[in-house]
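Have a look below at one chain only, the form predicted alone, in structure tokens format.
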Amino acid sequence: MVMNAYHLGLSREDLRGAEIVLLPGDPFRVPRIAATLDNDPIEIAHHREFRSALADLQGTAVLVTSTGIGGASAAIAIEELAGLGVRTFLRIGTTGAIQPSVGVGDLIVAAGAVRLDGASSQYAPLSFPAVADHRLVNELIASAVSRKQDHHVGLVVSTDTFYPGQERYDSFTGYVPLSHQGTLEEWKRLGCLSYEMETATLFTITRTMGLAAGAVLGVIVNRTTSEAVDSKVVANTEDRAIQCAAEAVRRLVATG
């Protein structure tokens, strides 16, 4: 176990024994999430895209650390946090739905992820599944139900790129390579719920390490109807995902 984490700018002493971490991608979400757990959280590091705050939840230290965008960045955070003693990882993110039945503002509890990222392949072959920890899935579902939040449980698609990897044509060139043309429809027909960029990396790495991981994602757009994103919808949806994750962590701490 390492004593210091270079990229995160953290030491084991900074974590005060925290074994649970909430993982947003955006560093600006870190204070919001920490404040949901503790009225007086403390920021303990901010190095590059990695921002960390510590909350005290009923005497239990809970960490919040941003991963940045994408699997490669997330992999660094996961590796270093595991080395510092973190054992439970819970991602809080946003996502674009690809199923008509998934509403904007709904939550997705990821049971597993399609591995279209590159980072996870350097931890396990592609035949190795990216699946969530069963207990964390159950806690997130229970949290969403208790809060009467519309939610869906299933598979998400994790990609390395936001534009061609998710078959978006509103890019500089407007072109998607042939290898990715038609893939949105394929994943939709296979029952996947949405696109995002970190969950497959998280699930794969933690599984190979014998650690626990889960993910709750707020739907900020449904691509079957529109690509337009409303900033107010984003803020409200982020809050729903944060509240769901926070309640799940409270349950974990209460039950030990």
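Only a predicted model underlies this, so the values are computations on that prediction, with no experimental measurement involved. When you see a residue number, it is the position in the sequence shown, counting from 1.
A second form of this protein, the form predicted together with uracil (URA), is not displayed here; the remarks below concern that form.
- Among heavy atoms of residue 95, some come within 4.5 Å of uracil (URA) in the predicted complex.
- Although the partner is absent from this view, residue 203 stays clear of uracil (URA) in the predicted complex, with no non-hydrogen atom inside 4.5 angstroms.
- Looking at residue 73, you'd find every heavy atom of it more than 4.5 angstroms from uracil (URA) in the predicted complex.
- Although the partner is absent from this view, residue 197 contacts uracil (URA) in the predicted complex, with a non-hydrogen atom inside 4.5 angstroms.
- Interface residue among 143, 99, 88, 166 relative to uracil (URA) in the predicted complex, by the heavy atom within 4.5 Å criterion: 166.
- This chain is drawn without uracil (URA); in the predicted complex, the residue among 212, 221, 30, 57 with a heavy atom within 4.5 Å of it is 221.
- For uracil (URA) in the predicted complex, the listed stretch (39-47, 59-67, 204-212, 189-197) containing residues with heavy atoms inside 4.5 Å is 189-197.
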